[in-house]
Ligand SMILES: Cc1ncc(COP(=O)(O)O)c(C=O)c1O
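Next up is one chain by itself, shown in structure tokens, the form predicted alone.
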């Protein structure tokens, strides 16, 4: 592995001298040279010059097919015309931040609620998934009068202090440890962790702690945990147990919302949570997230009608910024009007990409297994993650992807990243998602880049 990394880093440094210089400069004034750890891969990240469609270009002029796509926000690719056409004319009329209410906020809230097909919902916008998750937990605690929260091991809900446990896999403890310094110890004790798609374990946790739980938060399609779908039976059980014990059920659809249909994944499953979290797509690439919940829960952030405190859900200075709302409306309008073309196309191309990646590694005598495939309910999935099993396993839960005894995490997270960059492809966690502007030719080019990586791995490993 050391020889492989020496080769990869040497070749990468040859291609990116301008980025190397900027990183040295950034490291003098910023922690590790940046502000988002996932963007700071070793030996250093490339620095962006421009982005359009499926490609990004770095300061050295290298072009990369990008499957990160704005942290999965850009389903129409970078800088799409359909968004710019709606947003740019409003700059001359004062679309820069004003701090006032505007019609587009109302229209976006109405559109999101209409897409879910449910009555009695209210929306409040904020600017990030972290804030949305934090406010949702606060609302659940206020509504139930309880303080414990249940989440799934391997689930990521942003850097909310109420949920920074069971995110990263720790040898010896798995997904049962706190994931951040600087948290009161009391926070960690009140975060409980259950296993993904494990109905028996979920039932056991509710039986033991259900009457003390304020919320159970989960991703119907777990993101960093491996691009895996919850089974319908598991989600039905979650709904049943939440009702039985008076627990607020929260679906985090920051990643899955509007990615598989012009609504939440919950509409495909036919299940209704008490609170839903949306982000990424609903801002059209801008900083927008939303907490959508039952009126009686959401009213916890209204002025109290009796003695007591309200939830200080203020959203932030830039929440509901008019430019962001207009971008979100343009995005959701486009997806709704073009759903019969968008989602089947994404599903078809991603399926071809997943199968092609597995084949080129197999041709080199190596095993690579993609996650992100659809299931019996979700036909069209645009996601893919490439994993290297240490032994023959079926990838069913986050432990399978993040336990280094089951999968080669370093090979996926570090070596594959650099190998693909050398061949003009940028990924995160070994893969990412497709946009509508990734062409069949782009997919072919990407498969060739994975083939080159596979050949390199066979040579050095």
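None of the values given here were measured: they were computed from a predicted structure. Positions refer to the first chain, counted from 1.
One more form of this protein exists, namely the form predicted together with the ligand; it is left out here, but the text below deals with it.
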- [ ] Spot the stretch among 265-273, 149-157, 195-203, 233-241 with residues whose non-hydrogen atoms come within 4.5 Å of the ligand in the model of the complex.
- [x] 149-157
- [ ] Flag residue 248 as yes or no: does it have a non-hydrogen atom within 4.5 angstroms of any non-hydrogen atom of the ligand in the model of the complex?
- [x] no
- [ ] Evaluate residue 104 for contact with the ligand in the model of the complex, applying a 4.5 angstroms cut-off between non-hydrogen atoms, and reply yes or no.
- [x] no
Open item on the list: With a cut-off of 4.5 Å between heavy atoms, is residue 108 one of the residues that contacts the ligand in the model of the complex?
Closed with: no
Open item on the list: Please determine whether residue 385 contacts the ligand in the model of the complex, using a 4.5 Å cut-off between heavy atoms.
Closed with: no
Task: Option touching the ligand, based on a heavy atom within 4.5 Å in the model of the complex, out of 326, 280, 165, 259 - done: 280
Open item on the list: If the cut-off is 4.5 angstroms on heavy atoms, which of these, 368, 254, 213, 291, is the one near the ligand in the model of the complex?
Closed with: 254
Open item on the list: Do any residues of 102-138 have a non-hydrogen atom within 4.5 angstroms of the ligand in the model of the complex? If so, which ones, in sequence order?
Closed with: 128, 129, 130
